[in-house]
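Just one chain follows, in the form predicted alone, and it is written as structure tokens.
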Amino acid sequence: MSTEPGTVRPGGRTARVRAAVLRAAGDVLAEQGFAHLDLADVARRAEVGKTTVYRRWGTVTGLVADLLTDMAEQSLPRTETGSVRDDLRANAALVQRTLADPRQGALFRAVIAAAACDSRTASALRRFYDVRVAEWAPCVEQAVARGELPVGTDASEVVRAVSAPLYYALLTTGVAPGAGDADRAAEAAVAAAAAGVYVGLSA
């Protein structure tokens, strides 16, 4: 079992401390950005001892890594409707609501900005998205089995194609995507997948 800071699976009081610290860290990221994330300040906000925070997470990047792990675990499970179009529209709507949320949208912008210049944060962010993509990929795999999409379609790439334009809009315009943007992203991904654009990409 890994003993790297931020990877221990806690229970009981430790779980409550972890939840408080991660909530405080998320608040700082959403309010002030990665540059202002400080372990001592997080400990104060969470009302726990500084020693506890330093011993458990060690560094700011260790704390962000654990925060992203927790966010992946707490994210809503996939929707399965029996139609790939409706499944991916549900995925797009979930991403859109997350990015439009004042706290979550700001938090993601802060983490993405940090990942551009910090390798451990970048690695943690990749793991977060790997978890979320893996959660929704079965919707595409089932669509292939039903004959809705071509055999050999790369399910992970289709799922990424749904959320990519929503993140791009947020990061390049500073404006959270709306429900219409989510629907268009899903429709575009389904149309491209049906046309065979994502066949054989993982080969």
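Numbering starts at 1 and runs along the sequence shown. Everything numeric in this text was worked out from a predicted model, so none of it was measured.
Beyond the structure shown, there is the form predicted in complex with another copy of the chain, which is absent from this document and is the topic of what follows.
Comment: another copy of the chain is not present in this chain, but in the predicted bound form one of A145, A40, A134, A164 has a heavy atom within 4.5 Å of it, namely A164.
The three residues A116, E187 and V197 all sit with a heavy atom within 4.5 Å of another copy of the chain in the predicted bound form. Stretch-level contact analysis of 169-177, 42-50, 134-142, 56-64 against another copy of the chain in the predicted bound form, using heavy atoms and a 4.5 Å limit, identifies 169-177. Taking non-hydrogen atoms only, R126 approaches another copy of the chain to within 4.5 angstroms in the predicted bound form. Contact check for R109: a heavy atom falls within 4.5 Å of another copy of the chain in the predicted bound form.
In the predicted bound form, another copy of the chain stays beyond 4.5 Å of every heavy atom belonging to A19. When contacts are judged by a 4.5 Å heavy atom cut-off, A192 counts as touching another copy of the chain in the predicted bound form.
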